[in-house]
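Before any questions on binding or motion, here is one chain by itself as structure tokens, the form predicted on its own.
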């Protein structure tokens, strides 16, 4: 798509990521054909969906002559881990403003952040926005040029990564002669969801975008996705005023809270592993997979249909959740 090709972008991810069938999983569920889009294989520091967003965000940072990336998330944030890796790759400093996680072990993404030499500032969830602004102001006072990336890289610029992904997916579906009924994915900070809607419109993909919230109520995710998509449409020159109702978000699989496993999410991790040898994380992809599994079992799809699952990564978190599987 020419308009996307004209935007500043750097190469951080191994693309295209594979799209392959999961026949054993489909048989175990007794449902439609299942294909998995493997964005856990983007390559940047164990991969994940944030690499696509960071290709556009870091390019924007470099265009603005930034010399430090600052972002924020929970202590086990996948986005923070990949931002730290991207900073290493392009020679920038990285500061992470981290809020408490359900798991605080020196394991998973916390370990990887340390290996990637990220500078870490800790704060409460309530003080997150204030601390992020203070850290950026401190850097400016020192003569640096910070580039601040919000939670999850979920901005209009970041959403371009998933607008482009939908073009990649469209080509794969054409080659495989597939017309999927739906694609399931985790919709947390809403940037992936917003970008996918934009890409679906750009590339004429007619399939249901089934976002599954890992943390926040449906209306909150829908409102964020609509805001980001509307801003992204302006970047792309699209006459699109996205509304919350344009985004399907299921918040029934959150369970007790963000980062807390549920019986359904633990079953999803085991089922993907045992049937296909694919590892999914307990925080995001497992809850999205739990939704897909539940919907297939409930007969939402005919056996002759095809369903896609977008594996957005996050697998390093598995190691800090070892007790949940014992």
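Numbering follows the first chain given and starts at 1. Keep in mind it's a predicted model, so treat the numbers as computed, not measured.
The discussion below concerns the form predicted together with a small molecule, not included here.
The small molecule contact at residue 284 in the model of the complex, heavy atom, 4.5 Å: Looking in the model of the complex, residue contacts with the small molecule include residue 284, since a heavy atom lies within 4.5 Å.
Contact label in the model of the complex: residue 190 to the small molecule, heavy atom within 4.5 Å: Heavy-atom contact with the small molecule at 4.5 Å: present for residue 190.
Partner contact for residue 71 in the model of the complex: the small molecule, 4.5 angstroms, heavy atom: It does not: once the small molecule is placed as it appears in the model of the complex, residue 71 has no heavy atom within 4.5 Å of it.
The small molecule contact at residue 52 in the model of the complex, heavy atom, 4.5 Å: Contact with the small molecule, no.
Candidate stretches 115-123, 190-198, 175-183, 97-105 - the one whose heavy atoms come within 4.5 Å of the small molecule in the model of the complex: That would be 190-198.
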